[in-house]
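Shown next as structure tokens: one chain only, the form predicted alone.
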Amino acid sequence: MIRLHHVPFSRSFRVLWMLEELGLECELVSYSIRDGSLRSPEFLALSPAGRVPALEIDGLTIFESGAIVQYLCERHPDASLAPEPGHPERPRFLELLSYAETLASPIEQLNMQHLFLRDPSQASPVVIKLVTARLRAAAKGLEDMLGAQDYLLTTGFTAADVMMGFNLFAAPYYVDMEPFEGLRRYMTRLEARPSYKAARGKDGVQDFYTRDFYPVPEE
């Protein structure tokens, strides 16, 4: 039995998508960010920071989406979702796994500023402006790396696309994606994958974004 501890539309979607790519069934245990369940002693025993994802597999419990994705790639080398050590694209693959968090970090900070402060009046327009600019710059960097390729590596779709793709479906809440034509085509390509559609069908309903777009507030 594989068990994924999950919050809809969070980093744990990366793992759900990976499991679909690999054809692996899992039991999905869903949580809400808002109800305190992620701070329960039971969940903290699985993920010390009280964050999803946590994956129970092979008698182990693994947390951190990047670590889980790499573990699944190593567990299923025949799926060709990661270049093998020594492959010319292996360094770029590893770079992209980390760059996924470079992109996710400002999204998380903007989530906090726009959505999760107990007192919304404490949100800082200056901080939001700076972090939004960081997110936009990271998106531009990703578009430059993608270039005219279908996927992030020249060899085709890999787990790097899974890690990065989740970010690109969250970034449009904060950054106008119209100027990023290459990323918009890339996002459409990812959305068309059967594994992505299957994972989204299991993901559940997110309960934190209440608007389609959150602009930088007036200072």
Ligand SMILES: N[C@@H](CCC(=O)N[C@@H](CS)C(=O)NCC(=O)O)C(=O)O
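Since the structure is predicted, the reported quantities are computational estimates derived from the model, not experimental observations. Residue positions are given as counts along the sequence shown, with the first one as 1.
The form predicted together with the ligand is left out here; the points below concern that form.
The single contact residue among E108, E95, E143, E89, judged by any heavy atom lying within 4.5 Å of the ligand in the predicted bound form, is E108. Out of the listed residues D150, E56, E64, E191, E64 is the one that sits within 4.5 Å of the ligand in the predicted bound form by at least one heavy atom. At least one heavy atom of G50 is located within 4.5 Å of the ligand in the predicted bound form. Taking the partner from the other structure, the ligand in the predicted bound form has a heavy atom within 4.5 Å of a heavy atom of I33. In the predicted bound form, no heavy atom of V175 sits within 4.5 Å of the ligand. The shortest heavy atom separation between L38 and the ligand in the predicted bound form is within 4.5 Å. Comment: 64 to 72 is the region of 153 to 161, 64 to 72, 22 to 30, 181 to 189 lying near the ligand in the predicted bound form, near meaning a non-hydrogen atom within 4.5 Å. If you check the ligand in the predicted bound form, you find no heavy atom from any of W17, R200 and K202 within 4.5 Å.
Residues of 146 to 177 that come within 4.5 Å of the ligand in the predicted bound form, judged by any heavy atom, reduce to F166 alone.
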